[in-house]
Structure formats: structure tokens, C-alpha cells
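Taking the form predicted alone, here's one chain by itself in C-alpha cells.
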């Protein structure tokens, strides 16, 4: 049995300093193994956005442990969490989060700014990744000159540059029409086929079914898992 790359044990999240505090996550237990493609579904208010923030090390649990690659990231300093977000987690957002003033190539290079590679090595690496997502002809374009699907491909390329442990996708097709959304899901299928570990947050059941395993969260608890 392979060791999980993600292991959540007894995760609780409270908000507020005085009682009664808002209890959003109520004892989440979840393992994700290397190379899995998992979707997490939940309605508004279910806790899925809070869970996303914890998985992405954008927040820390009030109680419980979160092991990422065997390391308990729930006990790390802000500086260490920042390093983990940059090196170990590839983020794919619904709104793309591209920098409008930068070209496609420059946007993809952003996570490498503090790396030790030479400028030439960084550029060649990013060119290779952009070629793999079908954007070698758009390197000098800016986000305003791209379609929504192309913007999401840039975001996916950017998420891959540091060879992260996991890809964390938040409603990756939410801003796309159905045809373009299918193309992005096919790209994610391909990444999964290459051995990438992907966790996708979605409210769309049809999108969720593209994943290898579906997890449903309701009222702060995991209530259902299916393959």
C-alpha cells in the first residue's frame, strides 16, 4: 500500500476569538496517494473553500495534522509555509491569476524568481513547459491578448514549473465555456496520466466525475467517497 502524499487527520477549523466560535471543519480525515486525481465537491457553506485554503497552506488548522509529503505542514512558520506554497504546491485558479503586465513566458517564470538557475535555464525550462501545453506560439503575448482557455493553460504551465508534489485546482473550468472547459479537463487528464497528483475543487458534478476519486464534503465533514 503506497504512503499517502497528503494525510489529513482530525482537522478542525474554527474562526473567531470568543465563544461561540464558528466551527467550519469538524474533524476531516482524508488521504491522497501519489498520482491520484481527486475531486472535492460541496455546496456553498460546506467547508470546501476552507479545506482548499488548508490544503494550499494558505491557512492552518485549529486542531489536527496535515502531512504533505510526510511533513506536518500544520506546524510550520509563515516563511516555511510560503516556501511550501512556492515549491511543493502548484495552484490553478478559476480566475487564472495572471499578471496582466507580463508576457506569457514571464508569467510562467514568476515562481522561479528566487531559484538558483540561470536566467537562460529558467527561460528554456518555461519554454519547454509552455510547448507541452500547446502555447509555444504565444510566448510574447499578454493575458489580454489570449482566450480564456489559453489563459488557463498559462496558469497550468505556471503551476508545473517547480515540479510540485501536488496540483491544487480551484474550479479550473468555472470561467470557461463548455468546449474550452473540456479541453482544459483533457489537459488535466494528461497530467494525471503522467503521474501528477491532482486535487480539484468543484461544485460541478460532471467535472468532478473526471477525477479518479470523488470526495463530497457537507457541513464541515467528509460524508461520501466514490471511485
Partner chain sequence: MISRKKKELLRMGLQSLLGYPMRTVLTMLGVVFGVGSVIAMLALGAGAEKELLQEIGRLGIQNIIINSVEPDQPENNSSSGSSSRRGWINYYGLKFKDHRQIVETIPGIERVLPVHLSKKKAWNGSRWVESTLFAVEPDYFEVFGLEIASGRALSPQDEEDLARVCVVRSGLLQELGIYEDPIGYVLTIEDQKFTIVGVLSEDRFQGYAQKALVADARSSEIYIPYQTVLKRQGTRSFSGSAGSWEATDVELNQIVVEVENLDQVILTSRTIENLLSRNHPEKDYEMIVPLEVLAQRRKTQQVFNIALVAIASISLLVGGIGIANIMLATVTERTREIGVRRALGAQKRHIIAQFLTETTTISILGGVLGIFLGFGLVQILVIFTGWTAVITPISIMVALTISVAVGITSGIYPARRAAALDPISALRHQ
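Remember, it's a predicted structure, so these values are computed and weren't measured experimentally. Numbering follows the first chain given and starts at 1.
The following text describes the form predicted in complex with its partner chain, which does not appear among the structures shown.
Visitor: Counting any non-hydrogen atom inside 4.5 Å, which residue from 146, 129, 139, 112 sits next to its partner chain in the predicted complex?
Guide: It is 112 that has a heavy atom within 4.5 Å of the partner.
Visitor: With the partner left out here, if you bring back its partner chain in the predicted complex, are 65, 163 and 186 all within 4.5 Å of it by some heavy atom?
Guide: Result no, not one residue of the spot touches its partner chain.
Visitor: Can you tell me which of 130 to 138, 67 to 75, 113 to 121, 146 to 154 lies within 4.5 Å of its partner chain in the predicted complex, counting heavy atoms only?
Guide: Single hit among the candidates: 113 to 121.
Visitor: Should residue 158 be counted as a contact of its partner chain in the predicted complex, where contact means heavy atoms within 4.5 Å?
Guide: Because a heavy atom of residue 158 falls inside 4.5 Å of its partner chain in the predicted complex, the answer is yes.
Visitor: With a cut-off of 4.5 Å between heavy atoms, is residue 85 one of the residues that contacts its partner chain in the predicted complex?
Guide: Yes, contact at 4.5 Å.
Visitor: Do residue 36 and its partner chain come within 4.5 Å of each other in the predicted complex, heavy atoms counted?
Guide: Close contact is absent here: in the predicted complex, residue 36 is far from its partner chain, nothing within 4.5 Å, heavy atoms only.
Visitor: My question is simply whether residue 171 lines the interface with its partner chain in the predicted complex - judged by any non-hydrogen atom within 4.5 Å.
Guide: Contact with its partner chain, no.
Visitor: Output the sequence-ordered list of residues from 47 to 65 with at least one heavy atom within 4.5 Å of its partner chain in the predicted complex.
Guide: Residues within 4.5 Å: 53, 58, 59.
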